[in-house]
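One chain follows as structure tokens, the form predicted on its own.
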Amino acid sequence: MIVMKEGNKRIPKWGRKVFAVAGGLTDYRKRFPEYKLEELVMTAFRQMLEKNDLKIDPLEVKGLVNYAVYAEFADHFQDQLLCEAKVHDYLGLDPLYNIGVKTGGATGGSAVLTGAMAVASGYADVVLVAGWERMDEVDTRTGNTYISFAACKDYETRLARMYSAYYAPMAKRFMETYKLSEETRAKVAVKNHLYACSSPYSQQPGKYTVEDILNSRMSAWPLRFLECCAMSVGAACILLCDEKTAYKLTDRPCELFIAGGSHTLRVADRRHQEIPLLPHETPETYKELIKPGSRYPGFESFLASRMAAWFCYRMAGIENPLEDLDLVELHDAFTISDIQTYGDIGLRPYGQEPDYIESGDAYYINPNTEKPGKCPSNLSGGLIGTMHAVGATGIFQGVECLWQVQQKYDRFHGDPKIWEFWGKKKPEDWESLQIPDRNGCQAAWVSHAGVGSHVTMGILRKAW
């Protein structure tokens, strides 16, 4: 690991502005035998082109695409190398160039970053970013083994061949270091399963109590199954473009800022360093919180997430995320990874992460005050409630943020026809989770890999 010097800390700059204009999703399920993979991607692609109020005909929009970026975590699942070529052909985009991206659990976010860089550089005016995962062609044990190889096989894989076993010791260390209770972790699971009940795309919706979570089966102590995401099948698409094209295509374009960070695969080999300070932090912030002799990032934090936020906030001019952001979508593969990220991206100072939940700031409606939460998280249901079709995940999160900023949550979550299309019935007690429309509405999402090896953070800002 390098010691950060001036050149390493250069803030990324776009050569020209980048915008997101439309998104598309599929349902997310444990198994999807009735659809081929290409058909799932096509379904998300068509929703993106046909259902987002774009101002020109879908085929004309398709005729503007000049580059495609595809996200898939592992070829192993569908036993098809270079699957992006097969999907690209099925979407009818040959002979345009396409590229495949793989960065573990952050694959979707990394694909959006790659697409954004193509627009920002001038290589392309309109970029399709699509992602998927087909995790139902192997049994669950084999699937867990494949996923486990995204950690270091020399060290982490020896713990066990499933990811909850990698995060379990982090949960234990965090509990001891920052006095995190099991009840607080359980509240994260309760919230995200509940919000998934409002989504027609969700795989694991549920109305649970804290007691239900704590009494559920154990995966890897202290993490229970209801605190973990599930393996999923599904796809997601987002359309990125330059400023001129954005306003040609939609009356509600959103400006995009996105950056990334990385760190070692070996979670037990994180070398100590000074905490990179976010714009609203000072050395005084951690004078009392971080005890002498303690190590950063240790087991408690993800340096890759901190670096992604460090760059992205400065790109977007974010001074204080809790005050400036209206919504966050976080990578809650496990309740503990969700909580760890609160400190990494500055929703709370390191050491005070549990307060983001206990204060009610993380909720759509603060349970303590019955007023709107200050900066609600995972209104999509997140990975715990809705999906983790890995290659699609970081794109799914971006699409959910896009629809929120565009004030289209109800259209894409509350329309009974969407529920019926996926063989579901819209709940009679369905609740809208649309955030209020504000002049400077902004939403952020975090796409996270492994035990913190690759992370991207994206911010979408209202631009109309």
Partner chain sequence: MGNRKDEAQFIGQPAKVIQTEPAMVVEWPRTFLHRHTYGKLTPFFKGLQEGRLLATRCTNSKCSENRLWLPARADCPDCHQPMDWEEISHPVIGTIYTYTKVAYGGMGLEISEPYWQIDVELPGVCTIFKGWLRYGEPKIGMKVKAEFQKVPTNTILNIYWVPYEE
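Residue numbers count along the first chain shown, from 1. Since the structure is predicted, the reported quantities are computational estimates derived from the model, not experimental observations.
Heads up, the form predicted in complex with its partner chain isn't pictured, but that's what we're talking about next.
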Among 153-161, 330-338, 98-106, 255-263, the stretch whose residues bring a heavy atom within 4.5 Å of its partner chain in the model of the complex is 153-161
In the model of the complex, do F19, A68 and S121 all reach within 4.5 Å of its partner chain through at least one heavy atom apiece? no
Of G360, G298, P276, P349, the one that lies within 4.5 Å of its partner chain in the model of the complex (heavy atoms): G298
Which residue, S216, N320, T142, T285, is the contact with its partner chain in the model of the complex, using a 4.5 Å heavy atom cutoff? T142
Spell out, yes or no, whether the shortest heavy atom distance between K425 and its partner chain in the model of the complex is within 4.5 Å. no
Even though its partner chain is not shown here, does Y166 get within 4.5 Å of it in the model of the complex, heavy atoms only? yes
Classify R173 as contacting or not contacting its partner chain in the model of the complex by the rule of any non-hydrogen atom within 4.5 angstroms, answering yes or no. yes
Heavy atom of R271 within 4.5 Å of its partner chain in the model of the complex: yes
Across 22-37, the residues having a non-hydrogen atom within 4.5 Å of its partner chain in the model of the complex turn out to be R31, P33, E34
